[in-house]
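What follows is one chain in structure tokens, specifically the form predicted alone.
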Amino acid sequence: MNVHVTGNDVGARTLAIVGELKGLEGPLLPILHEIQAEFGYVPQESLPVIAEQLNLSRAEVHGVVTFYHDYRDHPTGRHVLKLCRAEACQAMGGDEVAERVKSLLGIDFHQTTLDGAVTLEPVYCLGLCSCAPAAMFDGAVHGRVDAELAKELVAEARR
């Protein structure tokens, strides 16, 4: 992830990514995933480049980016901690875990710690309903998250 780039670099790198992937069937989602992997988010400067190269309107591209919650419009912390907010996780203590994590980090959902270490995001189902409550830390899924595991995840994120 390269978050220190200029507008020209964003446009050039976006053009290269689109060039690599536009031959795929339904290339928009793979292109957006690759751009987010490259920059850590989908920069606004990328949208007109994608639209032009795929012969779509900017509104269509913007609509896809804003429809899917996994795409970000701003950089995240070095680590991303996602807490499941779905009903099964809430029924199994997810609200208490969320409050504990927010307290430990000193932030709320959709925020990043001041040191840039951790971004906390809500997610609505990780598919671990039988192991609720669930969390995802940097892409790794954790089930049966309790206060102790929450504390461990936060400590790992702070390293």
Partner chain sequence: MTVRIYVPRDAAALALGADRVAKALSREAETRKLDITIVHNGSRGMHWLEPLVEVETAQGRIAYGPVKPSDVAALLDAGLLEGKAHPLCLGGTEEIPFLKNQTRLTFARCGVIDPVSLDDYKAHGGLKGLENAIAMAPADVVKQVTDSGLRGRGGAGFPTGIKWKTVLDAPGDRKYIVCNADEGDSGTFADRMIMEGDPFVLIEGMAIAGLATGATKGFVYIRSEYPQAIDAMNEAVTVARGAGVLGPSVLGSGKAFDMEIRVGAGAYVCGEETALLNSLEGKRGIVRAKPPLPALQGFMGRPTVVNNVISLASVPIIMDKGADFYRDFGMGRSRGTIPLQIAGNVKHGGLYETAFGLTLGEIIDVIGGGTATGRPVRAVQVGGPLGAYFPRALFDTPFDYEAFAAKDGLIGHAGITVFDDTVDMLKQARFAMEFCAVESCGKCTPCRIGSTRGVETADRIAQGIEPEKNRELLADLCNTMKFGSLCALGGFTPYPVLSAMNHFPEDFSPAPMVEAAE
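All values derive from a computational prediction rather than experimental measurement. Numbering follows the first chain given and starts at 1.
Quick note: we don't show the form predicted together with its partner chain, though the next part is all about it.
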Residue contact check: Glu25 to its partner chain in the model of the complex, 4.5 Å heavy atom:
yes
According to a 4.5 angstroms non-hydrogen atom cut-off, is Glu87 in contact with its partner chain in the model of the complex?
yes
Indicate whether Thr66 is a 4.5 Å heavy atom neighbour of its partner chain in the model of the complex.
yes
I'd like to check something about Val141: if you look in the model of the complex, is any of its heavy atoms closer than or equal to 4.5 Å to a heavy atom of its partner chain?
yes
Non-hydrogen atoms within 4.5 angstroms of its partner chain in the model of the complex: do Tyr41, Val97 and Leu120 all have one?
no
Which of 97-105, 111-119, 44-52, 126-134 has heavy atoms within 4.5 Å of its partner chain in the model of the complex?
126-134
